[in-house]
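Both blocks below hold the same protein chain, though in two forms, and each is given as structure tokens: structure 1 and structure 2.
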Structure 1
């Protein structure tokens, strides 16, 4: 049982990082970024490249991976989002799909198709309260919690956080009060790219990266933000953990002492759960009344 909880925390931390950034972007800008999964991969692959090919130490490689993720999302914002999103909210949907195809091709060209793992050495596993976890996984779980606490503090206890909340509630009203919404848009978009890169780096350290997984990453993150109430940061984070935990528990539990759910249904059950949740509460678990999407 503790192992299942640990498994849920490992998978949930990754999902929460990616979905959290995405929820901020949706809340503040109101746009969908469908190249998110590719941004995750680029962050992970660049770290792999600096560590394994260029031979840098792990820490500077991670810094470079995150920087490249930030640069990529900045570029994405300036070229694929900013010229379009004021014209219509759905235009970036198309432009980011185009970007995702371009990035897919670039990943194949630059990093080849074979699987890549950032750490090639041993991973020490520890036995804690009946669960096996590696040092890297503990760092990741703690780090994600830390990042979430910082977010909680910034969002709810600083003037900067209040500005973000104001823009989430009403863009134009916030601007009329002197908040520089466009600059905030750029900042939040780059932030989501940074969080996505962190997710990719974690994935590359924990298991391995392969070019085909980008789209399923995007889908899972969207499932979390939709179930969490569109644009609600805490809703998305909560639902990311919820999906991850339900995926682990669905296959890991001997249901009613009688049967196991076949692991092939792992993804299906989590998404079915979301559909049921949306039937009961169509606006999402923690929807805010102020923004009608």
Structure 2
């Protein structure tokens, strides 16, 4: 049981990084980015290439991975989001689907289908309160908590955070008060790409990167923001952890002392979670005020 909790905390920290940025994008722009999973992989694969192929040290490789993720996010916003999202909120769905297919092909072409791990060799594990965790996993969990704490401070205790909240509530009213809403739109989208890249680096250090997991990453992130209430940052973070813990317990518990759920069903937990929640509470667990695109 302790190991399942530890695994849920590890997986939830990864999901919270990705879903939190996505929730900010929806709250500010009112659009979905269906190339999110590919952005996660680009950040992770870029870090892997600089560390394992180019021979750079880990920290500069991580900086380069995050930088490439930010650059890709900027390009995505300028070419696939900004020309369309004011025309209709669903147009970016089409454009980012196209981008996701393009990035899938690029990832397969550049990195092939073999699993890639940023850190080579076996990781040293520690036995803590009945659970086995590696030093890298502990560091990544602490860093994720630190990033979320910084977000909490910026969003709720700074003038910049209040500007973001004003744009979330009504961007035209915010612009009438002198807030540069278009610049904030761009910044928040790039920030979501940075968080996605951090998630890819997290994944590449913790386990392996594979081109086939982009879709499941996207689905789980959207499950978290739908369950948390579309646009609610903290609701998305909470539900990311909730879904991650649910996945671990569904396949990890000996149900009724008779059977285990096969690990192949783990990824269906997020989809089942969405369906059940939409039947019970369609607005999400922590729904915020609705907005128009």
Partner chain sequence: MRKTFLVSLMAIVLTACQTGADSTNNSITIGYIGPLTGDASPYGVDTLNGMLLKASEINAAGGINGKLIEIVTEDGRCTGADAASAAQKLIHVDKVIAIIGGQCSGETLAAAPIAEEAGIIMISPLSSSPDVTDAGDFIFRDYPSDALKTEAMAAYFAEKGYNKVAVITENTDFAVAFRDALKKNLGEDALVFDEVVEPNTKDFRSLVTRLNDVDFDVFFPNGQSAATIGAMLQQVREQGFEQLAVSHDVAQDQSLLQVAPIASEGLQVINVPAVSDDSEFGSKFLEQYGATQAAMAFAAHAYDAMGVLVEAIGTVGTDGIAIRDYLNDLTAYEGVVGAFSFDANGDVVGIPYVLWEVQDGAYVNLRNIDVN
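What we label the rigid core is the largest C-alpha set whose atoms superpose within 1.5 Å from one form to the other. Positions refer to the first chain, counted from 1. Not measured: the values here are computed from a predicted model.
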Q.
Quick check: structure 1 or structure 2 for the form predicted in complex with the partner chain?
A. 1
(Q) My question is whether residue 263 is one of the residues whose C-alpha shifts by 2 Å or more between structures 1 and 2, given a fit on the rigid core. (A) yes
Q) Superposing on the rigid core, do we see a C-alpha displacement of 2 Å or more at residue 11 between structures 1 and 2? A) no
(Q) Aligning on the core only, does the CA of residue 252 end up 2 angstroms or more away between structures 1 and 2? (A) yes
**Q.** Inter-form CA displacement between structures 1 and 2 at residue 276 - rigid core frame, Å
**A.** 2.7
